[in-house]
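Only one chain is given next, in structure tokens, and it is the form predicted on its own.
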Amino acid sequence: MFGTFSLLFVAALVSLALHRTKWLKPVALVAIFGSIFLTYSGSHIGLAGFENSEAIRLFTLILEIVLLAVILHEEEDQTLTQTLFIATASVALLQSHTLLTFIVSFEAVSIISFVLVSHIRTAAQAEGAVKMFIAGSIATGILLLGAVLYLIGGGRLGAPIAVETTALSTTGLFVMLLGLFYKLTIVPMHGWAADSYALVRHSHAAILTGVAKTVVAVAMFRFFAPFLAEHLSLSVPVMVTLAVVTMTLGNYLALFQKRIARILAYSSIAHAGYILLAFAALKSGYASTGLLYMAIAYIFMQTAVFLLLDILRKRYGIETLEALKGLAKKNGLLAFFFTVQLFSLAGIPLLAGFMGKAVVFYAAVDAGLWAAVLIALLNSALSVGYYAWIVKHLYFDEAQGPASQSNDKLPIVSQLILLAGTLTFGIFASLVFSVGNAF
């Protein structure tokens, strides 16, 4: 059977020959629609080292829908091609079942991410790309060091990571997690992220922070959760501490930013802390459901806000809060999209962001992590401040610059897809709960 992975990989290769032709975007759209159909039908890679599950199938379907929105939004040939390659590597990473396939797939996602941001037009984009490359190189070195320690300690390259480990292999696995935390922007491995996400092109940031980061989080949980669950005395204190520090620092620093992209970059760091709570709550049977729900909510809303920033930059030159003033009077539709996704990030009820946080927090309470949940709730309340400040600029300040109601059709369709995801998973929780434990 011609599976999702094969279709996306072939389409990515074909797209290399279609640059600067009118066929590139249609081919990309056909490939994504085909992959959605195949994933819905239950397609999987079918090679040694890869294994599918109901939870992974659902998240892969969500991933493809989000990438459909990205392709509809994007006009640049290089970005369309790299989006197809990112999709291919992400499917492989999500279905990775052995240490070898996990490392290779993770590095594929990382390398394609570097290629994505290497199409540089300004000095700021160059700075963001260089910082990302340096951080990625460090992460790869740490990841491979941990893998070597694990293998020396008795681990196997062609098998899932062992639950029962020696002291050396246990050390190796925690070192691997440290390397992966660079990609998740966990404090203190977060320093590069705020600059990179804010400086690279906003459509690239949407793929990096909305798509690639979320894929890594889901794949990490699936791959490392059995090991962490057997070493709760070690994993829980580490995960709780990192989660609390990450969410607190991310939200605190977001309060002082003037550029919208930097606010959302620090918000992304804070959300990594919320996601990490699911890793700390493995004692609870709701941890996997919480992680899956949080990932689904995050991929919709984070991709949407950065794609909206891309539209605002191109159409109005908006980069700062000052320039954002009165957008609702200039373009009410874009202001509406932005507001709903910001409310979802803040955790307002009936939106996916609320349900994602609610299930993760419940899992943490069920695991006995009351103090961590209290801090997370306070952080969530704190984040409402800077999200509400953005909304205030949208609706209650005087407009800057000329008004415009013209909307390009494809970017609007893209935003409607992402809005539908945010609303659907904010209301129909059964879609996630039915497969949440089937990792």
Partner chain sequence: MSPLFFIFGPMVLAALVALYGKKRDTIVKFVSLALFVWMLIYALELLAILPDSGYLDLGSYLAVKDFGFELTLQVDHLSVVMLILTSVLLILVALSSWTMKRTSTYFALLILFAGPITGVFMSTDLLWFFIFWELTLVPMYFLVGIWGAEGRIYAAVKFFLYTHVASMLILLAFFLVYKETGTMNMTLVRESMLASPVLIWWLLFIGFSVKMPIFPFHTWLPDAHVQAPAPISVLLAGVLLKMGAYAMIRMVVLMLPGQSAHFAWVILALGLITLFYAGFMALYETHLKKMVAYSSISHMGLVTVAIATLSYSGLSAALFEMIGHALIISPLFLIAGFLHHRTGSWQMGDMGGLMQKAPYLSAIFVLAGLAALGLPGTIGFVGELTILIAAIKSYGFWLILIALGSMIGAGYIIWTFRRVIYGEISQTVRKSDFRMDHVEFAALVIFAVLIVFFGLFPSTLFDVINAAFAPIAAQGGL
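What you see is a predicted model; the values in this text were computed from it and never measured. Positions refer to the first chain, counted from 1.
Missing here is the form predicted together with the partner chain; even so, the following discussion is about that form.
- Though the partner is left out of this view, G46 does not reach within 4.5 Å of the partner chain in the predicted complex, counting heavy atoms only.
- Within this chain, I427 lines the site of the partner chain in the predicted complex, having a heavy atom no more than 4.5 Å away.
- Within 4.5 Å of any heavy atom of the partner chain in the predicted complex lies no heavy atom of G42.
- A residue is said to contact a partner when one of its heavy atoms sits within 4.5 Å of a partner heavy atom; L334 fails this definition for the partner chain in the predicted complex, lying far away.
- Remark: all three candidate residues (V373, F396 and F433) come within 4.5 Å of the partner chain in the predicted complex, counting heavy atoms only.
- This chain lacks the partner; the member of G141, P349, P226, P237 within 4.5 angstroms of the partner chain in the predicted complex by a non-hydrogen atom is P349.
- Of the residues F343, Y182, F221, Y298, just one reaches the partner chain in the predicted complex with a heavy atom at 4.5 Å or closer; this is F343.
- Residues placing heavy atoms within 4.5 Å of the partner chain in the predicted complex fall in a single listed stretch, namely 356-364, out of 144-152, 109-117, 266-274, 356-364.
- Contacts between 325-339 and the partner chain, taken as any heavy atom within 4.5 Å in the predicted complex, involve K329, T339.
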